[in-house]
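The chain below stands alone, shown as structure tokens; this is the form predicted on its own.
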């Protein structure tokens, strides 16, 4: 599976889970790997690339980190959208 396809699967999953549950990186990797049959390392690289380009972001709260879709306000602040 192409990395772009994998990233779309990850993004769709994140949108579906938005507001329901805070997802840890390992939860996302485990779910997408199980759904697509891709190796966990491949999924992890696709997820990290999405974080690096700003499509997803880490958030920290209560001593734990999670991954989420950034708000428009955050993206504007970082200069990723106008």
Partner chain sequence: MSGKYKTPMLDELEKGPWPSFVTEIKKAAKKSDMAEDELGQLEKSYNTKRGYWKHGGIVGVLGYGGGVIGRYSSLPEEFPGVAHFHTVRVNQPSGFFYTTKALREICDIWDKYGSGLTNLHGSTGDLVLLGTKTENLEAVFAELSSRGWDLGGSGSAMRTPSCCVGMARCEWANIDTMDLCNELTQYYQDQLHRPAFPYKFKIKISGCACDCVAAIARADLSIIGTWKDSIQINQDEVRKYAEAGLDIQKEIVDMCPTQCMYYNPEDKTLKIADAECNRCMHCIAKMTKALRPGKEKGATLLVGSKAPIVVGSLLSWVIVPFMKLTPPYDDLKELIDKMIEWWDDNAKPRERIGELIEAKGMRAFLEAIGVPPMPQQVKEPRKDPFFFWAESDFKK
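Positions refer to the first chain, counted from 1. Since this is a predicted model, take the numbers as computed values, not measurements.
One more form of this protein exists, namely the form predicted together with the partner chain; it is left out here, but the text below deals with it.
Item to check | residue 59 within 4.5 Å of the partner chain in the model of the complex, heavy atoms | outcome: The answer is yes: residue 59 has a heavy atom within 4.5 Å of the partner chain.
Checklist entry - Hey, in the model of the complex, is residue 44 touching the partner chain, heavy atoms inside 4.5 Å? => result Although the partner chain is absent here, residue 44 would touch it in the model of the complex, with heavy atoms inside 4.5 Å.
Next on the checklist: Taking the partner chain as it sits in the model of the complex, is residue 77 in contact with it (heavy atom to heavy atom, 4.5 Å or less)?
Outcome noted: Heavy-atom contact with the partner chain at 4.5 Å: present for residue 77.
Next on the checklist: Please tell me whether any heavy atom belonging to residue 24 falls inside 4.5 Å of a heavy atom of the partner chain, as the geometry stands in the model of the complex.
Outcome noted: Within the cut-off, so yes.
Next on the checklist: Suppose contact means any heavy atom within 4.5 Å; which members of 25-55 contact the partner chain in the model of the complex?
Outcome noted: 25, 26, 44, 48, 51, 52, 53, 54 sit within 4.5 Å of the partner.
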